[in-house]
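The data below hold one chain only, encoded as structure tokens and taken in the form predicted alone.
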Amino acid sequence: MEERWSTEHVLSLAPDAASLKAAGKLSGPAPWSGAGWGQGALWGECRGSGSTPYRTVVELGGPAYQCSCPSRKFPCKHALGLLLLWSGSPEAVPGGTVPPEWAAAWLAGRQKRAQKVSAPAAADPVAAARRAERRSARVAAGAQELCLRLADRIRQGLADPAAASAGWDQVAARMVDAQAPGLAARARELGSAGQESLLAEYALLHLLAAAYQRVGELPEPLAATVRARVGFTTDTAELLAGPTVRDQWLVLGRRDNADANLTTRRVWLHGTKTGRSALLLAFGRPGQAPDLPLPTGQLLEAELAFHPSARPLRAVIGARYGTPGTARTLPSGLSPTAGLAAYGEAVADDPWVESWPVVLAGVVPVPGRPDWYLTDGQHALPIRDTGEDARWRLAAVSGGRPVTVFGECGHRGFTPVTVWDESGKATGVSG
């Protein structure tokens, strides 16, 4: 039988802060009736403002949700509230019970639909090769055009910030037409780059565009890095069909970034046997939480398939084994100097990498002006790309004592994601 999830695990499923707050009001037994748990599912009826209670079912394996409420969020506040009730009040949601007819009908329908899903038709390899050839030619033409535009701007000079940052949206649109979204994104960023970093950004983009024009001459790992940076992707099924790395993976932290159209979730893992780092990505539409409900501190035995690269980091998760556990000890960490060296090694393999996941051990957050720092008493890293609340949360956990901090180490400093206190309790500080 599935173990009850931790509260953090449930909270990681929330699509937004409003759902989280509303679910908290439904996490007690008072509004619920007929709640139960068994056969890989959880169900209950929640009393609302109407005469008929909302019927809520959660299939734990997906997880997947069904609720009779009108909310368009997934999971809705009722599903989250039921999960919180199950997590924190076992007596209110008894296990080993049989789902009522309305819940069983939905679960049976899901199972039936899953069985009907047929294997995708085999792709035509000849047609696929032609499409790939056409796209490579278009990207190469776009890269050549981009190199010329960058050279023209350099000849005109970068002393005038307005002139140096103008017109890059149009260049980005040309790169989109050339099917090179990676080049387009970097070209668009030139329009808002600071004067102090403009020349470096020009150089990195020129290096990438020039590298793609000679990608056939590069060693395969570096060629894979260039293709990925330009915007070529690898299908998940294709990745999982190749070599995978099985390990007991520790979830080091998670960060969600949302805009009007998309929420991007990043989950960092550390292989306790192999020592490898991994980054999982998931995406969600507005009102829908991204997949990957992996709480910080969870240990899961699984196979990961890494995207090809000179410095593989991004991965997809494949087969999982056993029941996830919880780490009882602090992750091992590095000094600020060693953390910065780890980022340097990553840059040596991939010149376009912005940061590298690092655990720092025995560091103290120190307020400063304008930056805060993480120091071990000998060396320090500036804390960047995080808000005032996050910095004070970090300081509160530390209380002036050395702590273990996971985050991303880059050329601009260190962006904290998770901090562990002396007892080993993890607290998210990103945002």
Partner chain sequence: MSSEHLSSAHVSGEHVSGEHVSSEDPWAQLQSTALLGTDRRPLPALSGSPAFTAAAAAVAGQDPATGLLELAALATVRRRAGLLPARAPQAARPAAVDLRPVLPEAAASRLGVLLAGRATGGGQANLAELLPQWLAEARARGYRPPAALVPALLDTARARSELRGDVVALAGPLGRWLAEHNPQWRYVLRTVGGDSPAEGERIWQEGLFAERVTHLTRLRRTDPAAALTLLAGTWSTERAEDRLLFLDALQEGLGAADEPFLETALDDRSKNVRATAAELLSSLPGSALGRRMADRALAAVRLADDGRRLLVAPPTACDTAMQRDGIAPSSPTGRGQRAWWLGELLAATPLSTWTSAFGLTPTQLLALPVADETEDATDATDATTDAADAVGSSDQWREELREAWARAAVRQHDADWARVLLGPAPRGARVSPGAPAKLLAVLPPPERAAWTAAFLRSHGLGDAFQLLGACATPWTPPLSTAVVAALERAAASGSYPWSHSGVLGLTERSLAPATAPAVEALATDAAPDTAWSETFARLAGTLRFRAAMLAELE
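Positions refer to the first chain, counted from 1. Superpose the two forms; the largest set of C-alphas matching within 1.5 Å is the rigid core. All values reported here derive from a predicted model rather than from experimental measurement.
Note that the form predicted in complex with the partner chain isn't included here; everything after this is about it.
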Inset, instruction - Taking 4.5 Å between heavy atoms as the contact cutoff, choose which of 64, 35, 69, 380 touches the partner chain in the model of the complex. - result: 380
Legend entry - Partner-contacting position among 331, 324, 308, 351 - heavy atom within 4.5 Å of the partner chain in the model of the complex: 351
Inset, instruction - With heavy atoms only and a cut-off of 4.5 Å, decide whether residue 91 touches the partner chain in the model of the complex. - result: yes
Inset, instruction - Consider residue 60 of the chain shown here, and say whether it contacts the partner chain in the model of the complex, taking contact as heavy atoms within 4.5 Å. - result: no
Legend entry - residue 344 within 4.5 Å of the partner chain in the model of the complex, heavy atoms: yes
Inset, instruction - Look up in the model of the complex whether residue 168 has a non-hydrogen atom within 4.5 angstroms of the partner chain, and give yes or no. - result: no
Legend entry - One stretch from 292 to 300, 171 to 179, 105 to 113, 202 to 210 that, in the model of the complex, holds residues within 4.5 Å of the partner chain by heavy atom: 202 to 210
Legend entry - All of 234, 244 and 285 within 4.5 Å of the partner chain in the model of the complex, heavy atom check: no
Legend entry - Residues within 4.5 Å of the partner chain in the model of the complex, restricted to 362 to 385 and counted by heavy atom: 366, 367, 369, 371, 373, 375, 377, 378, 379, 380, 381, 382, 384
Inset, instruction - For residue 180, state whether the C-alpha moves by 2 Å or more between the shown form and the other one after rigid core superposition. - result: no
Legend entry - CA of residue 23, rigid core aligned, shift of 2 Å or more between the shown form and the other one: yes
Inset, instruction - Compare the position of the CA of residue 215 between the shown form and the other one after a rigid core fit and state whether the shift reaches 2 Å. - result: no
